[in-house]
Every structure is written in C-alpha cells, then in structure tokens.
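One chain is shown next in structure tokens, namely the form predicted alone.
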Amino acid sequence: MPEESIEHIDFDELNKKAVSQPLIKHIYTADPSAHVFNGKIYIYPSHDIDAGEAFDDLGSHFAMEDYHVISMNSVDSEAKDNGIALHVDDVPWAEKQMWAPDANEKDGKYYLFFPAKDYNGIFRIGVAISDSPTGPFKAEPKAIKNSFSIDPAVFKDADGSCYMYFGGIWGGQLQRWRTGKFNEEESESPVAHLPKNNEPALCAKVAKLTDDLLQFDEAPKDVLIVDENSQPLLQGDNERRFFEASWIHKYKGKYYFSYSTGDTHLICYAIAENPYGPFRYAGRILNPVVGWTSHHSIVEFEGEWYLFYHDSSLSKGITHLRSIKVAKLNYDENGFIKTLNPYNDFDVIE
C-alpha cells in the first residue's frame, strides 16, 4: 500500500485492533523466515534501515545491509535479538540490498540463504554457514551457480532432501530472466518484460539442492499454480498470481506453497501432492497489512501452527520500515487455511 494511502489510518486504533504486536521494537525487521531448531524458534528476517534512497517501484529504498537472527523460547516469550549474523561487507560477491533470507539445518550445521545484488546490479542468491542457528555466519565466496532473483525459501522434506523455492517480479528481476539469460535492457517500469495480462503468469522457481546445500542439483523448474479448472493462473489475475515471498510447509501429507501477490497485498496459497507441483490455488491466508509489502512464513511449534509476517504499524506506515509479528494459524476440517485479518474489523485499504 503506497504511503500516500495511509493518511486515513488512526494508528492508535489500528494497534488496539491488531491481532499481534511487533516482536522486536528497537530495530525494524521484515520478511520473517521462522524455523524450529532444538526446541526453540529462530526467525531469520530482513533488517530494515532508512538509507535515504528514494521510493520507487523497483525497491531501491529497501537498502538493507545485514541480517540479525531473532530467537524465542516459545511463541509467547520475549523475542531476543542476537546481533549481526552477517553483513554485506563480509560477502565477497555482494554489493548491496540484502533482501529476504531463509535458513535451514543439516548435520549440525546451519545454512543462511540470502539474495543480494552483485557488482553488476543483478540479484543472486548466496549461502553462509555457521555452527550456531544465531550465527555469526561465514559466506561462501561466490553466489550459488546459476542462481538469480530473490526470496529463497529452503524446505527440508521428510527424506532429508532440501528444495529451494525463489523468485520475485518487479524489483526482484524474475521477469528479466524469461529467456534463460538476464535481459540487460534497462527500464524504470516495474511491468517491463512481464507477460501480458491474458498470458500465463510468471512462476516462482524450485530446485533441489545438492547434499551439501551449497548448489543447485538441477536446473530450476517453474512452480506452476493452477486454478479450479487446472489452468495456469494468468498474469492479470493479480489477486491470485505469484509475485514474491515463496514459502513451503507440509500439512497432513500435502505440500502448501504460499506466497505474496505483491501489488494487491495478499498472502495466498496453493496445494500439491509433491514438492514440484502443480499447485492448485486454495485461497487467502492473510488480508492486507499496513505497508506495501507482505511476506511471511508458516511453522509448527508444540502442535500448533503459526504465521509469521510483518507490517509497518510501528513506523506508522513507512513502507520500508517494517516489524515482524506472529499470529496463530487455523485449518478447517478439509485442510484449508482460515483467512486471517491482521487488524480484526479494521480495513487498511479504502
């Protein structure tokens, strides 16, 4: 939601009606990727700062420089900021814009997966490793070979296989890779290089990772989302089609792919029988929050399911200064997720 659209909002009233409050208030955090390691919750968010960049549709004002890991003993406990886990200055290949990360664990090692722009202005995805879930993390000297775009989410299946889901349009550059190579043509328009509205929407990507979690084990494939008639969602279907913020979780044996619709500010999901899909669109998880972006994760803790997300309520609507939150997630008897309104009966879009 553009900042000029927040003038009607009474933030005192909104915060009273919010279903959750910011987990961290001394810094701004966004894009929370939550995991349970060793019986504790660890959250891997972006660290928002005000770098003085002008607002634009390609996200130049999201100028994050480092990552902090947030830990919680339980959903109701105080959230702890464990300090800087990785800084862009310590990533040889990365120049700027440390956007939404994720993490996972294997054989007692912890892996941080993150996007950043390289010195050619192209988003790549890197890996950093630590002996601790809170870091500090040491980055690999090069980005993952053949990686591109943003928002990596790494899902570990029951057999130990790990899959990376990634991609984002507009500032995330996914539309500039439609031919398999980066389109060098510069454009100020966020919709340049996108399919037409009546054409199939661009898809997120998925690739199985190598056993050491450092490279793709295969060429990335499309994460196809289909409608009730098994037809691919169209680019113009912007209340259902993929924009960014991939996440995967399993519930009762099925794979739930959730994502942000970007310019319509929704978190939606689709369901499949396997990690590659196709995924059938199933509905909305989260209605619009204050702030343009919406980005989330879903995790089970002690038998309950939780949605981690962000909004800009703490900064009173400043788009690039966000705060992470958590709310309980519920399913119906058929396995469909019940839509969550982040502010009860308060509509942030008029």
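All residue numbers are counted from 1 along the displayed sequence. These numbers come from a predicted model, not from an experiment.
Unshown form predicted together with a small molecule; subsequent notes refer to it.
In plain terms, the part of the chain that comes close to the small molecule in the model of the complex, with a heavy atom within 4.5 Å, is 239-247 out of 68-76, 105-113, 194-202, 239-247. Checking F308, Y42, Y28, F62 against the small molecule in the model of the complex, a heavy atom within 4.5 Å turns up for just one residue: F62. The small molecule in the model of the complex is not approached by S33, whose heavy atoms all lie more than 4.5 angstroms from it. For Y165, no non-hydrogen atom is located within 4.5 Å of the small molecule in the model of the complex, even though that partner is not displayed. With a 4.5 Å cutoff on heavy atoms, T293 counts as touching the small molecule in the model of the complex. Among residues of the shown chain, I225 is not one whose heavy atoms approach the small molecule to within 4.5 Å in the model of the complex.
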